[in-house]
Ligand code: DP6
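First, one chain by itself: the form predicted alone, in structure tokens.
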Amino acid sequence: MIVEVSAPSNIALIKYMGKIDSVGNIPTNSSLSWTLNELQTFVRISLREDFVQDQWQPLTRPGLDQVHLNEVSIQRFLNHFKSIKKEWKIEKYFLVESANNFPSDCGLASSASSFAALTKGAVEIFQKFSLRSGIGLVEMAELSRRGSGSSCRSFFHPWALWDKDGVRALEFSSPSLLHQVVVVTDKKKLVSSSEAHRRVSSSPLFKDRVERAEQRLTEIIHALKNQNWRALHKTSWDEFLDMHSLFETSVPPFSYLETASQEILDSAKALWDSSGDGPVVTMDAGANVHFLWRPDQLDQAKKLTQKFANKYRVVSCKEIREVLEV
């Protein structure tokens, strides 16, 4: 018996950074994310009668990036799988295979898509052996959150809000956005996201972090409702710089920013300064730079892509790829 599922990554404009409860991944502040349907993790789960314990290995298939997990990451992945198995009272063993169509562990939220896909796959295959009825998206998202906090947002689109009341989808009248990410580096981060969550609480800037984040959330939701693109850009920019300032002032301090990151940010800023328009820019806990474009900005997206494509890997959604091929 085999099931295969996939789940998307997501990029937060209001960041989940800092935990009240590290065991349950309870965040200190609300977060708001855009779902990245072009960045997917694929998980295949196979029943293995010959196994005496669950095992993980990379999923190998054309078009997928090879995943290299260390032993700690493998155990974290399988422990989440085992926790779901325990809830379903399943006593069989499985082979879990996974891979992404984008680089992992470099600031592209592969943890979110990986744990979301693992949770979906586990629930699907365990239901075949259990009398337990199916569960809805909200319950599945909450289950996934235990393994990776940000993964709960990957179950909803286009926007996902995660706050004290749980996680849910948000929709606005604004047009669907087009995503790009300039991959400055695909090397594994020296400081993991889990470690970053732990360290930021030592920053002197963390004291008022919740207040700043909640205020920006209000501003971003207001900007989206009123289709105020400039306000959306400004708040998103302030928010990711705030997050990186937490990293740089923590004890011990660390930084994900690279010279190339700053080069790309400077180009986006120059575009806004010269034309009064441009992409919404954000960064995750990594060196790579994300852009969100309106559909009427395809020409700008093409020019910016052409500027960086000869030096960096630029991952674009389908609509932007089609323009680039013309």
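One-based numbering along the sequence shown. Worth saying up front: this structure is predicted, and the values here are computed from it rather than measured.
Omitted here: the form predicted in complex with the named molecule. The next part is about that form.
Among Ala301, Ala285, Leu39, Val280, the residue placing a heavy atom within 4.5 Å of the named molecule in the model of the complex is Ala285. Contact annotation: the named molecule lies within 4.5 Å of heavy atoms from the stretch 187-195 in the model of the complex, the single such stretch among 187-195, 134-142, 120-128, 223-231. Using a 4.5 angstroms threshold between heavy atoms, Ser111 counts as touching the named molecule in the model of the complex. In the model of the complex, the named molecule sits within 4.5 Å of a heavy atom of Gly149.
Under a 4.5 angstroms non-hydrogen atom cutoff, the named molecule in the model of the complex has Met243 among its neighbouring residues. Although the partner is absent from this view, Asn25 contacts the named molecule in the model of the complex, with a non-hydrogen atom inside 4.5 angstroms.
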